[in-house]
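Okay, so here's just one chain, in structure tokens, the form predicted alone.
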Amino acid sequence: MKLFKMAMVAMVFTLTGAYAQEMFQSVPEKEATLLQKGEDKLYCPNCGMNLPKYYKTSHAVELTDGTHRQYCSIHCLTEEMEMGYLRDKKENIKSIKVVDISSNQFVDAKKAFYVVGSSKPGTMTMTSKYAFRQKAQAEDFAAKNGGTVMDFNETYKAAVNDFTKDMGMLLAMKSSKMWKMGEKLYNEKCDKAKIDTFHAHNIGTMKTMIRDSKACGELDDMQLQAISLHIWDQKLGNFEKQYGENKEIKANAEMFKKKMMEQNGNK
């Protein structure tokens, strides 16, 4: 139960981006390598999260045309690979990269050594996954923080196996907190007519358009993320379109909501 509570606290920070200076995953924006280009380069194209805040779990794909897509986590990478933008473009992937947390530099993910299931917080998952260039560094990290050393293929498989459980957890957190916050802010602060003119191909682009247009005034990143999630997931119905028929995700969400209620009742 204690581990569950710690994981849920970490997930609140993950969804909101709150207290970034205290988060293990974070680095200052000036120290983050952003491989993708454009006005929306700060945000994960799959979930909209701020990449410097989740830099130590960042992954990226380089496509054959030289462009990159950068993700906050291997969870978002696997989601795009298995059911999203990259599903039908795998032949166009030139390389997959991951941040080596010992140097904060991107390295070849397929040559990296991951520590899966350490006590450090995960990003978009209950089971953390951190990468290292050298096996000895991964083994030292695991000795200090727990977890199992795996290669990329094993870690990718673990992320796929965790997917419906993690999506259930994320749905529980979104529906109990972020969507409500986003809807309230949207109704109170936003120029709805202006937002209705936006045409974004992913949530990262939507978040950038809201930020740059000032359609909701001045916002911190938590507010911006909440509004973007409300618009992308609920107003545009993308969450329901993508996952609405997945009974396992919904069952996991109900289980996590029940545990959250038990935790709140035990305070």
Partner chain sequence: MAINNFSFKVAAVFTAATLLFTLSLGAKTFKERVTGKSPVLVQKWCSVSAEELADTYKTNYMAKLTDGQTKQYAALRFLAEDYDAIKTRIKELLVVDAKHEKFVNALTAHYVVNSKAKTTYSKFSKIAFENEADAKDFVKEFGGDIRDFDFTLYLAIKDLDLDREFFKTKQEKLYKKGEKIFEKLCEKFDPNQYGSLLDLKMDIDKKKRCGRLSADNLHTVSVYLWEVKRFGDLVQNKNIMQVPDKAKCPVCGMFVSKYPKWAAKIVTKGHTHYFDGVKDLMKFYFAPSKFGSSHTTEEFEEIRVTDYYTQNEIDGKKAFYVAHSNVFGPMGNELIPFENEKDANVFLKEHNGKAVLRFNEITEAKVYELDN
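If you're wondering where the values come from, they're calculated on a predicted model, not measured in any experiment. Residue numbers count along the first chain shown, from 1.
The same protein has a further form, the form predicted in complex with the partner chain, not shown here; the description that follows concerns it.
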Of the residues Asp108, Glu154, Glu82, Glu183, which one places a heavy atom within 4.5 Å of the partner chain in the predicted bound form? Glu82
Consider the chain as shown here, without its partner, and state which of Lys144, Lys90, Lys135, Lys192 has a heavy atom within 4.5 Å of the partner chain in the predicted bound form. Lys90
Please state whether every one of the three residues Lys30, Lys41 and Ile101 places a non-hydrogen atom within 4.5 angstroms of the partner chain in the predicted bound form. no
Report yes if any heavy atom of Phe113 sits within 4.5 Å of a heavy atom of the partner chain in the predicted bound form; otherwise report no. no
Do Thr164 and the partner chain come within 4.5 Å of each other in the predicted bound form, heavy atoms counted? yes
Residue-level question: is Gln242 within 4.5 Å of the partner chain in the predicted bound form, judged on heavy atoms? yes
Lys247 within 4.5 Å of the partner chain in the predicted bound form, heavy atoms: yes
Which among 31-39, 209-217, 234-242, 57-65 is in contact with the partner chain in the predicted bound form, heavy atoms within 4.5 angstroms? 234-242
